[in-house]
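Just the one chain here, the form predicted alone, laid out as structure tokens.
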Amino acid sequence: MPTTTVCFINQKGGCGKSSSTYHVGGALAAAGRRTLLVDCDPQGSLSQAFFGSAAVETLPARDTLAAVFDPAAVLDSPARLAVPTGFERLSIVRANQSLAPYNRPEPDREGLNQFLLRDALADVTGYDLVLIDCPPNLYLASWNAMLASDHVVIPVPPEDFGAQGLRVVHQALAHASRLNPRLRLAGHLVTRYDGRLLVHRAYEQKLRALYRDTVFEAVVPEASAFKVALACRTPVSHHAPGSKAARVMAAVGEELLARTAGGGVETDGMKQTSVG
């Protein structure tokens, strides 16, 4: 079975990209899927979630994703960048601030640099899924992620700051699909949801009215179990497997598998309607 590559992308910070990648990756690994996480964000939040900030910030660039983007780096095998997380069937390509100089704007003018991540991942085998965590912008790192992926998940908190930039994200996906014709939208994932808040309930309803079946049925709540698990540097699937949070992430993982197996949505056909 070929590897399925999925990137988590939104141009807004605080949308739950890193958290979703972290906990969905854990859920998939717990369900028996060999999963590789790729930290494509110079902030390195996904990497720090496993190893802590001090260990990640002091990593040499040659041991991080920056080695893929550095033309002066000698990278004999990109596969060596994938290291164990300490959890069975779950590995990660780490990132830190050394990636920042390569995350340039206007990525479609970067020539062959647009395909560096795609080419590197072609050398990495033995995984069922690759999940890529993107930075909160649509610069070269996110662009590389889209051109390396089969599917895209857009995490969306049900409020103005999370939802108002979806038009631009959809346009970027449509643009990227011209260079990567296999790219499909797996769906919009509602994150950080608090059902007690009227505004959250209203935004979720509006998202579903506008984007219909492209919105995941599973909704990720704002739950303390996620924060506790993160503080313990352990995906919630492993830290509190019987919790509601773990069950939700297992449901997201199962739905992601179903959506990617089903082909996803053509990016050129996505509705460009604003949520705000």
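Note that the coordinates shown come from a computational prediction; the quantities given were computed from them, not determined experimentally. The numbering used is simple: start at 1 and walk along the sequence shown.
The next section is about a form of this same protein that is not shown, the form predicted together with a small molecule.
> Check for me: heavy atom within 4.5 Å of the small molecule in the predicted bound form, for each of G16, A223 and K227, yes or no.
Verified in the predicted bound form; spot residues all in contact, yes.
> Counting non-hydrogen atoms within 4.5 angstroms of the small molecule in the predicted bound form, say which of S243, Q43, T234, T214 makes the cut.
It is Q43.
> With the small molecule left out of view, choose which of H151, R192, H188, R94 has a non-hydrogen atom within 4.5 angstroms of it in the predicted bound form.
Contact residue from the list: R192.
> At 4.5 Å between heavy atoms, is P136 in contact with the small molecule in the predicted bound form?
Because a heavy atom of P136 falls inside 4.5 Å of the small molecule in the predicted bound form, the answer is yes.
> Based on heavy atom distances of at most 4.5 Å to the small molecule in the predicted bound form, which listed stretch, 235-243, 204-212, 60-68, 35-43, is the contact stretch?
Within 4.5 Å of the partner lies stretch 35-43.
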